[in-house]
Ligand SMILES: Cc1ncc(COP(=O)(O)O)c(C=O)c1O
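What follows is a single chain, given as structure tokens, in the form predicted alone.
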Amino acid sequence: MAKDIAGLDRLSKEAADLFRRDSQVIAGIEKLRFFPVVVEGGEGATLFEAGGRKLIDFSATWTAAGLGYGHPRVTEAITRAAKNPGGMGLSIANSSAIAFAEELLAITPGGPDRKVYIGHAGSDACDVALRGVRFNSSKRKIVAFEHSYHGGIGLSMSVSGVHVDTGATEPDSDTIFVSYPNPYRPPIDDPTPEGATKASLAQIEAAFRGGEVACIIVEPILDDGGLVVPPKGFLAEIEKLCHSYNVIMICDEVKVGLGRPGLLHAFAHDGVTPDIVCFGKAIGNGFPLSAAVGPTELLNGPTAAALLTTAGNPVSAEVGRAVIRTLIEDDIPARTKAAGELMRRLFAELDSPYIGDIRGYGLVTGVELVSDRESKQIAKSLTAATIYRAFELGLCVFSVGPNVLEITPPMIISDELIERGVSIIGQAIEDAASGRVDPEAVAAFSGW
């Protein structure tokens, strides 16, 4: 019999048994695990672990559960559509998909002649946006960012710096990777936020100057690459360069858009209007739904070049409509703005010597853990142990980059749960730094 997974002896019998079954039947190629959690349900911003323990969710499943678990409007939309579905895809037009596209266009700034691609996940939305540009342009080159993430399939994967970094894919041969400005870790020759922006923009303009770049794809926050918040005005400067060199600007809002950033769209923080905007995760509140919104000339053909059989199915489309309605009617952006300010203030009050930087806006917060604040040395092992200990204490949180806690709870989370969750993380950092976390148990879960 194979050696059992370390740490399962501390779980309930129900959770441990389920995790063993998971390890036997679910393919490892689609796993990214930080601790041995098995959940059987959820409500709001709380997950129910097998065996009955409750966990505060500070991830929202990588932001997918933007409105939390079991939201009544989402549940009602699913039930209504499932009882009377109008087909199951877009080879037969259905009223739900049409209305969803109309409502998404209404909340996404842009020109009058635009179309909506409807897909299953942010990966295919970004892939189709990129391919749509190439299909309909005489130019093929793409500018993307080091350590970026745009998806796990096709072209979206091969322009994702995270996947290229790990060797999970070969980089697209016509993609030019440039640096993303990191104010906390600026370039050595000009160690200021302005220096970081200047260096990145110089690389972008150098790529554009050759006249062969069709588009640039950019995240308003470089999330999976370490939750890097660029200096104010960075996207606006990219937009200016795009206009000067006739380059399409694609903004990937999949992870940090739709109310989470304290505004409806993250790119609005810089007052820009991208040519194409990609949505995923929160747009379906965990259901398979994504979208790319952009000019008709880029997204209207070739016929069936991006056909997915069940994309645009009425159940997912009705969920998307419920999400949009809730974002607007409940003024979710205002809620996330206030909640995010509270969260970052509470993290600052921890005053931990291992917290090097706290950054973000709305309910997108990165907490960078370091060995000490002066050297800013990356504390990778401490980060992994902190995440594992937080799970033991009753909280789910993930990391991005080697040492950044990604704090992205459901947007409906209460102030009380925010306060409790930050307190748990503070305790988890202290316990991890003091060696109170079993390294063998942590080692069983590699994360990225």
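Just count from 1 along the sequence shown to find any residue number. Keep in mind that what you see is a predicted model, and the values were worked out from it rather than measured.
There is another form of this protein, the form predicted in complex with this ligand, and it is not shown here; the text below is about that form.
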query	finding
H150 within 4.5 Å of this ligand in the predicted complex, heavy atoms	yes
Contact flag, K281 vs this ligand in the predicted complex, heavy atom cut 4.5 Å	yes
This ligand contact in the predicted complex: S123, any heavy atom under 4.5 Å	yes
Non-hydrogen atom contact K255 with this ligand in the predicted complex at 4.5 angstroms	yes
Answer range among 142 to 150, 229 to 237, 348 to 356, 172 to 180 for contact with this ligand, defined in the predicted complex as heavy atoms within 4.5 Å	142 to 150
In the predicted complex, residues of 153 to 185 near this ligand [heavy atom within 4.5 Å]	none
